[in-house]
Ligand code: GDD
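Just the one chain here, laid out as C-alpha cells, in the form predicted on its own.
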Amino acid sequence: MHAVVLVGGFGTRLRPLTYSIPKPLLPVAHTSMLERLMNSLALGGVTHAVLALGFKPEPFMAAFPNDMCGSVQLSYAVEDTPLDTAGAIGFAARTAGIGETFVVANGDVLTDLDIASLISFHRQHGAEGTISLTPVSDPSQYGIVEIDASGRVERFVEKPQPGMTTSNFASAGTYVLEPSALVRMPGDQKLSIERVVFPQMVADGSLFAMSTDDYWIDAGRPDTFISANVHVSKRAAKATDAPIHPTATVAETAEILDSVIGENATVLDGARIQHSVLLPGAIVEQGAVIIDSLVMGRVGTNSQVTGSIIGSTGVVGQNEMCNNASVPAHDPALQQE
C-alpha cells in the first residue's frame, strides 16, 4: 500500500522553530511528527510513502539516510512551484508511479485513527475517495462535512456560523483515494482538493466519509503543538515518550508542570517549566520561568517567558520579560545572505 504524505508547508505558525527544522520533523514527546505518522500508516498496511515537498528534501534525507522511516520506505516529490493540496497529491502520486488504491495524510496531524479500518470502509462502499472525519466542539473553526446514513458525503460547509449545519464532523486530514481520482488532479497546476476536487466527487456521488472519535489534533500551531506533546507524554506508551528525555539534565530544585523536556535539554536550579516544550538542546538557566511556550534556544537567569517561541538561535537575556514574542523574529540564514 502506498501513501502520499503532504509535508510541503512552510510551518509559518511555528516559526522560528521551523527556520532550522521542517515542521514534520519537530518532535512530539521526543519522536518526530513524521515518524509517528509513519508508524500509524505502517499499522494500516502502508509500506511506501512519497513525501510531497514544496522545497528542498535534504533535511528529510538527513533524518532518514537509508530512505526508511520504521518499516516504511520513503521517496520524495519536490515541486518546482507550490501546487496546493490536490496539485501536490497528483504530482507526488505520478512521481512515485502510484497506480492502485492509496492513502493521503497530512504531515502535521497526530491521530489514533485505524488506517486499515478506513481502507476497509472505502472498499466496502466502492468509493472513489473516502475521508476520515472527527467530531469538533466548535464547528465554526473547521471545514465541516455533512454525510447521509450510508456515509456518502452530501455537502461541505466551510467554518459555518450557528444554524448553517447540524453536523459537527470536520475533515481529519486522512484520505483513501482510487487511482481514478488522479484524473481530477493532473499535478501540473495549483489545485485544492478541499475546494475543487472533493466537491466534484460529491457532485458525482463518489465521495464517502468515515467518522471516528479517535484522538486527533492538528499540531501545526504553537498551542496545539504543546498540547500534543503533553498528551503523548502523559499516556507514555513507551519509556521514550516520558515527559523528560533520559538525556536531559534537570536540576532537583526545578519544577516541571505539564511539560516536555527534550533530548539534551538543560534546566537549572529553581527554574519552572509550565505547560511548555523544551526542544532538543534548549537551555533554561537558574530561576527562569517558562509558561505556555516553546523553547529551542537559551533563556537566561531569572527571566520569564510566556506565550512565546524561542528558536534555535534565540536568546532571552538575564532578568528579561518575554511575552507573546518570537525570538529571533526573522530567519538568521536570510539575514546572512
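Note that residue numbering begins at 1 and tracks the sequence as displayed. In this text, rigid core is short for the largest set of C-alphas that superpose within 1.5 Å between two forms. These numbers were taken from a predicted model, which means no experiment stands behind them.
Below, we turn to the form predicted together with this ligand, even though it does not appear here.
K.L.:
Just one of 177 to 185, 258 to 266, 152 to 160, 226 to 234 has residues with a heavy atom within 4.5 Å of this ligand in the predicted bound form, so point it out.
P.N.:
Partner-contacting stretch among the options: 152 to 160.
K.L.:
Would you mind picking the one in 103, 209, 83, 93 that has a heavy atom within 4.5 Å of this ligand in the predicted bound form?
P.N.:
Exactly one listed residue reaches within 4.5 Å, namely 83.
K.L.:
Could you spot which one of 28, 50, 282, 53 gets a heavy atom to within 4.5 Å of this ligand in the predicted bound form?
P.N.:
By the 4.5 Å criterion, the partner-contacting residue is 53.
K.L.:
For residue 218, is any heavy atom within 4.5 Å of this ligand in the predicted bound form, or not?
P.N.:
Taking the distances in the predicted bound form, the answer for residue 218 is yes, it comes within 4.5 Å of this ligand.
K.L.:
How about residue 13: is it within 4.5 Å of this ligand in the predicted bound form, going by heavy atoms?
P.N.:
Yes, residue 13 lies within 4.5 Å of this ligand in the predicted bound form.
K.L.:
Spell out, yes or no, whether the shortest heavy atom distance between residue 9 and this ligand in the predicted bound form is within 4.5 Å.
P.N.:
Yes, residue 9 lies within 4.5 Å of this ligand in the predicted bound form.
K.L.:
Is there a non-hydrogen atom of residue 199 within 4.5 angstroms of a non-hydrogen atom of this ligand in the predicted bound form?
P.N.:
No - in the predicted bound form, heavy atoms of residue 199 and this ligand never come within 4.5 Å of each other.
K.L.:
Heavy atom within 4.5 Å of this ligand in the predicted bound form: which residues of 84 to 121 qualify?
P.N.:
Counting only heavy atoms within 4.5 Å of this ligand in the predicted bound form, the contacting residues of 84 to 121 are 84, 85, 88, 106, 107, 108, 109.
K.L.:
Once the core is aligned, does residue 160 move its Cα by at least 2 Å between this form and the one not shown?
P.N.:
After core superposition, the displacement of the residue 160 C-alpha between this form and the one not shown reaches the 2 Å mark, so yes.
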